[in-house]
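The chain below stands alone and is given as structure tokens, in the form predicted alone.
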């Protein structure tokens, strides 16, 4: 199947899935359990609205979700209290698999969710979405319910940037277009069919999540795509257009740190797969500049893309989910 054929067959729009009653019936017929994970760190401003909308529409009105869980990295604001107040299960990442220790990073939360949650499908949705809507869940779950061969569904959308004066109509996905898409074009051209590879919203079957490693930082989404593609091919993926996602703008200097982490994760995978050779002793410190009047100072940011191993290699997980039985 060519990239063009794959895009035609495996790219969807959330409006295709307006019949939630039908979706729930199909889910129940397949005896699927679906869990929502929202990873958080200091998201008290938006987490309440997300939990309210998902619980009221996708648990109470249409029982598509079996659990809604907030996995938190150690917020210092009221994120956990707000989420719990509105009906989410709340967990500190550090309290899950404590014998494995705690590493700060979004990927850590996503990884520990595999152990903590019980779904056959886990949906990940970021906590900072200003225009949250049930489509951010059902648009991703639906292709998995409809097609047993689909294993991993990514979101894509327009990404206007939210400013105090309103919404700027374009400018999102900057790291995707200047880094990830060029890398994929060079080394994994089929993955360029994924319109937004770095989107934080995706739904995945447990059988896939438990067998892939998780970088704890910025590289988690990129690594997921490469690992799933390497094992199952492009046909295991689908993607859904969710129209628009309004979120916080990040300054360019922060995006530089994100890109540095993604590059590390990419080099690690590309080297293991034989796509790149001779890459050794990569430096793990990003150097950026800060200007103060006529003084220029170099600022160093140590960024190491550590990885958690596949969850199915963890004894406690194997025992909990009966993998040795």
Partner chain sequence: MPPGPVQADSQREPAIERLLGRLPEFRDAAAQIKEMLLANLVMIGEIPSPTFDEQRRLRFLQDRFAECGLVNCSTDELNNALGIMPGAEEERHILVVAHGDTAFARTEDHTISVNEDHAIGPAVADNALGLAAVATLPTLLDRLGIALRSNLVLMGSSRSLGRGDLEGLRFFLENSPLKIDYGVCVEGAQLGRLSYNAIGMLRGEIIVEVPEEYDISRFGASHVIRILNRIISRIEQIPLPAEPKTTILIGSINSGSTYNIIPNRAEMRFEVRSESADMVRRLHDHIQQIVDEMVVTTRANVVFHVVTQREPGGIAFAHPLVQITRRVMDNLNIEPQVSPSLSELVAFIRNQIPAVTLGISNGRNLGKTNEAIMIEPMYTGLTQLLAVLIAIDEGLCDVD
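Owing to the predicted nature of the structure, the values given are computational and were not obtained by experimental measurement. Positions refer to the first chain, counted from 1.
Beyond the structure shown, there is the form predicted together with the partner chain, which is absent from this document and is the topic of what follows.
- None of the heavy atoms of residue 183 is located within 4.5 Å of the partner chain in the predicted complex.
- By the criterion of a heavy atom within 4.5 Å, residue 130 is counted among the residues contacting the partner chain in the predicted complex.
- Within this chain, residue 276 is remote from the site of the partner chain in the predicted complex, having no heavy atom within 4.5 Å.
- Taking the partner from the other structure, the partner chain in the predicted complex has no heavy atom within 4.5 Å of any heavy atom of residue 187.
- In summary, the region of this chain contacting the partner chain in the predicted complex, judged by heavy atoms within 4.5 Å and restricted to 54-62, 260-268, 25-33, 284-292, corresponds to 54-62.
- For the residues 192, 116, 73, 81, the 4.5 Å heavy atom test against the partner chain in the predicted complex is passed only by 81.
- A heavy atom within 4.5 Å of the partner chain in the predicted complex is found for exactly one of 250, 85, 210, 244: 85.
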